[in-house]
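Below you will find one chain, with nothing else, as structure tokens; this is the form predicted on its own, and questions on how it binds or moves follow later.
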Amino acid sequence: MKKILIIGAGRSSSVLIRYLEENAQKYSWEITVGDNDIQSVLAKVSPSVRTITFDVFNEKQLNEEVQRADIVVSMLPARFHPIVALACLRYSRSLLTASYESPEILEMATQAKAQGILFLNEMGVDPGIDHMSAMHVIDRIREQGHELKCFESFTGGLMAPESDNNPWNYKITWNPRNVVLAGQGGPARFIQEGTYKYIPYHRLFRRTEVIDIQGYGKFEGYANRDSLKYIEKYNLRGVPTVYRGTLRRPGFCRAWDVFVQLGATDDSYTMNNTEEMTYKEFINSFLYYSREDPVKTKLYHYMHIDQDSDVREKLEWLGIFDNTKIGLKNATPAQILERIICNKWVLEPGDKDMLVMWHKFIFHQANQQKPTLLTTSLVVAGDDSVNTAMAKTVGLPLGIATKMVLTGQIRLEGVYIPTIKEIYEPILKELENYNIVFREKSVELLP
């Protein structure tokens, strides 16, 4: 009997656990799910699953659980994966994650290969399905002898139309800290028509482009932090345009930019007296001093927000001018903003989220002057606030890959992401059974 250890039972784990449970009887698997919040585990598993309260910093427990498993799936925050990976090296166990491949994990590649085990990262949605769906088309274009001239890719976790009921057109479906810190850590970098481009953080949310997806309307996209690293990952050397970004509904970025310009997304220092501070006082702490002017007036004047701007509705709906106490000790501005949005962008039990992905390819067909524009789009809706589109699109590819490793369909050794056919072809094929299907549209452009 093969044993699977799943570490972490957060937002995105529900569909992963259910998929592996559904396959457990067929393949004679034993599943263990561990988390430091045992109630979160119990809410997501059937009685047949072994459940444990798990602490990744308990070295004895980590070693014991990894040793008794045949394969480890980590749903922990990415910063904890190297700790788990070291234990997997210690006992020669393969490790799968949905997180970005870190430098620490990459340094283990030689040892993992020598031990005959696989560390497969970026096996979720973004990163994950984005890699697989992009490489599926890129490889096809090249196999047909065409020359790729442009690759763009955008992904966003949003709300399904029936649950899109606030002025931001947004609710939290993944780690809220990542929402607040999005775009930080250096300028957005990409290449456009052969020219390297850079967007500093303070301009990121004002440099957007509009994308129209048939049947779902308009979205706005802003640049991800580093598109250039995908030139190597996708073998795009010599392609003039390579750009990756994030999708939101129109108007979101302009309103979010207010917090960026204020400094409310800064996570580098702590503020004084934050436990007793109110939301309104938090906003006021970034504005000029005036005994007479209301905080709202000062903010709108400072940020040049017109009286008829829809930005006002978004900001006021969040309650940032309320006298609600923050209640966090020694908090950074980013932590306070996270508290504010988490109290408002809440998924209600009946809410359905929506995962949207869009790729753009421009290529020259062999022996033809006219370029071809090919777009592929994916829209996946959640079932409710637990079985979300985010949980489906993170959990299913990770679950399928786990099955493929255990059944010998994937025999790779070392450190990988899913950009090779051996991984992406069978996974994309099985994802179609769950209505995770890309729609393609192509047109010839003027030369």
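Residues carry their position along the shown sequence, with the first being 1. The structure displayed is predicted, hence computed values, not measured ones.
The same protein also has a form predicted in complex with a further copy of the same chain, omitted here; what follows describes it.
In the model of the complex, no heavy atom of Y100 sits within 4.5 Å of a further copy of the same chain. Though the partner is left out of this view, P187 does reach within 4.5 Å of a further copy of the same chain in the model of the complex, counting heavy atoms only. Shown alone here, P200 lies within 4.5 Å of a further copy of the same chain in the model of the complex, counting heavy atoms only.
For the chain shown alone, K314 is not a contact residue for a further copy of the same chain in the model of the complex, no non-hydrogen atom being within 4.5 angstroms. A heavy atom within 4.5 Å of a further copy of the same chain in the model of the complex is found for one listed residue only; from K298, R225, H359, K352, this is K298. Checking M108, I211, L262, A87 for any heavy atom within 4.5 Å of a further copy of the same chain in the model of the complex turns up a single hit: L262. Proximity to a further copy of the same chain in the model of the complex, taken as heavy atoms within 4.5 Å, picks out 272-280 from the listed stretches 71-79, 90-98, 272-280, 168-176. Along 284-322, residues N284, S285, F286, L287, Y288, Y289, K298, Y302, M303 each place a heavy atom within 4.5 Å of a further copy of the same chain in the model of the complex.
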